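Next comes just one chain, in structure tokens: the form predicted on its own.
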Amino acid sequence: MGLGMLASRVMRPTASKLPRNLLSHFHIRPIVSTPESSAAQAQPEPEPTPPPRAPVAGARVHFKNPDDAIEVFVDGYPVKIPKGMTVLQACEVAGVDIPRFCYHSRLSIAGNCRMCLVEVEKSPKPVASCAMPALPGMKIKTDTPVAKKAREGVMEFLLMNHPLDCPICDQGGECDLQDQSMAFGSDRGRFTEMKRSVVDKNLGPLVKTVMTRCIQCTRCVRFATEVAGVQDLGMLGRGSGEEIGTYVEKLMTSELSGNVIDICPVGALTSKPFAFKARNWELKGTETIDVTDAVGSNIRIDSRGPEVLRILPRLNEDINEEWISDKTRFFYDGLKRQRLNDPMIRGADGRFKAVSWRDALAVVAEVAHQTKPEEIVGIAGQLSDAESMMALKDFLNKMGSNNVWCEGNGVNTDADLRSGYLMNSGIAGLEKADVFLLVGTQPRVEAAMVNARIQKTVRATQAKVGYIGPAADFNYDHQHLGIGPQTLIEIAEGRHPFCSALLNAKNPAIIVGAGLFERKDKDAIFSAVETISKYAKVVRPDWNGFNVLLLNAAQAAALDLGLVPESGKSIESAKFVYLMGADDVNMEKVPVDAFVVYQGHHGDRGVYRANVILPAAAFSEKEGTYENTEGCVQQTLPAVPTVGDARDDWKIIRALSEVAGVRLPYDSLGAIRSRIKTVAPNLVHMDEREPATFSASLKPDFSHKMSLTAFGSTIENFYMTDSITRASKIMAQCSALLLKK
């Protein structure tokens, strides 16, 4: 009973509760109905159809076959839905938001929280809308007293053993249990016994557990099994002794484990590094993209003041759906560690000394002018944006050199045809494939979100996966065909048993690892892969299954912009080396007397050999254009201010060009993008994927001998792949705990 009803009963005395001697003072007037009024009551006016409501969260319905459409009535409003939809989905299309805890649109249906109960006409009791299929003509009522009472009862049971932790719980403010308790719960509880408590589990350095708060919705168990592909979590016990946990005392070792934090509807699973740092209403959210790999996952950076406090995923069906990898989610503490603040010049004693921008640029320009053009080399790092790479290439061209490339692309990579270095089927398009051939790539560590798509496809359609490369840990069924090019030659010649699977496939997909770009026999390897593509009909007008899985965020844009060096041996003879965030270059090849300029945001490997350091902005502090492995162009936006005296990469090169007397003709982002448009027009179409026009016939045939050296692992440590992740303390803990064999 609500407080309002109680108050009204106190204020309004009823006849039954009045003393008998007071009743005589009240004049009771009888109500007499006339024939006209009773006739009017006998024929009530027909209720008008309620106006249509907008679907929940912009839900859209796609009818594969118009004949499969059925009509149901939600609160009296007719709505057309495809056959096979559940009652809950029909309600969402009709614009009615049904409360739920266990249901999640990307997981299997459990139907165990009972919060989504609705009334269905001719059903003796309320039904769980998440598990009930909608039938033609079904009349669904979501707002009746029966449905409200049922939800109130379910909520009372859920809160029976739930601790009153809201003031100290990290989920507070974005908690489904809080919101639904306010909207659908009772104003009081009747439970007076002792609440049960549960021992917390240790899931590793990323996920904090307070298992007493768990409501046994099993979302995390289903996520681990169905999406992450690991059998780490499960349900133990029965009744009130039911607990979520690991079967034996072990850590959760999946590279997607952080996503259980997002799908947990209560405060049972929260972020360990974010614990007690801030409330969600104190944070400023900035929608941007991830640059730790070539997938370009859509993320939201939550910051307070100058500090990034957490990273969350954004929905993008074509790229990362609503998941992100643990590296993407937790590397953010590296953004404030080992940062370069001021321009520095190495003195005669070998120590760095902070100087002004004017002095640093003057020294770099003077040395550049004293060096022969063919001895000038520029290398873009794996986190470089398209604007800075365009500026670097233009600057070196004006200095007379064309020896500029992006690390990870190798030196003689063919950048003529985009189809030769992109994922042509697209990340979402991998779901249409029925046979995969992975050549020299381990998607689980190279691109976790691409691996999640393959795992989803294998689980849904039992697609076959063949793998050529070193022994690796996959989270789906696969055939390890071999470790090197010998197996590839056997498949290309049609002698391998896996050939029959490729030939019988409707949509075969070949995924080649970008680690092969560094091999000397890469042309022969790609030629063998193209031979397989031809006889297995991997490339057709309606399907392009020839894919290259890139490693770094900068690779695709660098090849689009033509960052390919003139000479393969240019770094061995270089006298002036410009490293723009390039930390994975083999510095032993650089001559001892070479002048090295390091422009970047972290004091990483490239700094040790540098003569001049120019501090740059990280991806979270600048606006930059990136192209992912499937050719989709996206943009980062500044979430926090730059550190110290750092500047955007392209601005530093633009200033250097003016000091050097070869002024670049752009002063703003708009102007530099106009320049990019003349070189690679696809890089200015934001959030669009420009497919490559495949034409293998244009490629010359290679007669190079293929080396029989086995393919190697491109990434040794999933958690530390670039300067930001190597500076992260959280990533160091993950490396120490989760990579122990």
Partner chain sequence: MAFTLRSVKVPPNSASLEEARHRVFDFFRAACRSLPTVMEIYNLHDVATVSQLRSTVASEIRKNSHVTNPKVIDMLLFKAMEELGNIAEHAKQRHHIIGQYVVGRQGLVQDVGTKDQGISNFLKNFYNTNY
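Numbering follows the first chain given and starts at 1. Because the structure is a prediction, the values reported are computed rather than measured.
Absent from the display: the form predicted in complex with the partner chain. The rest refers to it.
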Problem set entry | Exercise: residue 642 in contact with the partner chain in the model of the complex, heavy atom 4.5 Å | yes
For this session: Would you check, heavy atoms only and a 4.5 Å threshold, whether residue 356 touches the partner chain in the model of the complex?
Result: yes
For this session: Indicate whether residue 601 is a 4.5 Å heavy atom neighbour of the partner chain in the model of the complex.
Result: no
For this session: Report yes if any heavy atom of residue 663 sits within 4.5 Å of a heavy atom of the partner chain in the model of the complex; otherwise report no.
Result: yes
Seminar exercise, completed: Assert contact residue (the partner chain, in the model of the complex, non-hydrogen atom within 4.5 Å, options 458, 210, 177, 659) equals 659
Seminar exercise, completed: Answer key, the partner chain contact in the model of the complex at 4.5 Å (heavy atoms) among 594, 155, 529, 655: the residue is 655
Exercise. For the chain shown here without its partner, which stretch in 182 to 190, 357 to 365, 413 to 421, 78 to 86 has non-hydrogen atoms within 4.5 angstroms of the partner chain in the model of the complex?
Worked result: 357 to 365
